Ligand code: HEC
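First, one chain by itself in structure tokens, the form predicted alone.
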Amino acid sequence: MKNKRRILFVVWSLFMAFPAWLFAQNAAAPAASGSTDDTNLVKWLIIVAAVIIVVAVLALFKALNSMLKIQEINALRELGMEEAAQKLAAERKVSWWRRMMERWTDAVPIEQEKDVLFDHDYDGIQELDNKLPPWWLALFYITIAFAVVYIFYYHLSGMGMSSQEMYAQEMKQAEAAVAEYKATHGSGLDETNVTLAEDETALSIGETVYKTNCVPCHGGQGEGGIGPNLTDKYWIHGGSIQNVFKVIKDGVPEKGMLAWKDQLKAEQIQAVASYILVKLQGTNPPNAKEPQGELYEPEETAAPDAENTPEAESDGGE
């Protein structure tokens, strides 16, 4: 009887699911050419319809199951099996929730625990030979099935990306995001980490920036004008690449020097600062403005002590 009910339930479920499948197929076609909002609406309608169908199937199954149990009870009574009929009737009165919990936990009643009690006794502690709950076993089997599908899909079939491929893809996405950020916000270069750029590409960019923005105040050859002379070694705010970068970036408002950080990228500021120090400083243009500020001499790395060099030690040893 149970097998009959199960087969009937499967057939009925397929029969009820068929109209939903047809509805989904018919609804998806016009939605393909529609807007995103229309597509989402159709999807939600399909989901709601599917939920209603599932609820209806469950309700019909419950009613059908109840009818079959009544027929089974009547059949047992006609066969003179009153005790079995009464037992089945008593089971029918138990709520479906309780029956489901008993089925999924497979718990042994307390009065029957002596039947599953092990013989051993450890300091008065005894152990029951209970079965694993069916719900736990079901989850365990599901995880095994999932692992098999996962390994096949990601490691054997070639359809899914491996962890190495996913890592490579994410790194490419990250590099693209960094490049986009740099293009929009700059590279994070500032006066604390800027270095002197001496390659011709950077100096060419610096020359272009200088001739476009700096000539009106500092002259075409750095000789000075409204602004100070950039060809000598005298500097008002320091003559290191860090000092020049900061002045160009933040400006000197009280002296009329504009802050270029909102108009030039950090790389452009580095390039023009390097151009001033590498190409303009040390030249002797005509009509150069008088030096301003203090003489700046770059700090040089101290030469090694001659007495402590290997040669000195060797000579001393001789």
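Here the structure is a predicted model, which means the values were calculated and not measured. Numbers for residues come from their place in the sequence shown, where the first is 1.
The protein also exists as the form predicted together with heme C (HEC); that form is not presented, and the subsequent description refers to it.
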Any non-hydrogen atom of I151 within 4.5 angstroms of heme C (HEC) in the model of the complex: no
Contact flag, G222 vs heme C (HEC) in the model of the complex, heavy atom cut 4.5 Å: no
Residue contact check: L264 to heme C (HEC) in the model of the complex, 4.5 Å heavy atom: yes
Heme C (HEC) contact in the model of the complex: K62, any heavy atom under 4.5 Å: no
Heavy atom contact within 4.5 Å of heme C (HEC) in the model of the complex, the stretch among 166-174, 67-75, 228-236, 195-203: 228-236
Contacts with heme C (HEC) in the model of the complex, stretch 239-256 (heavy atom within 4.5 Å): V244, V247, I248, V252, K255, G256
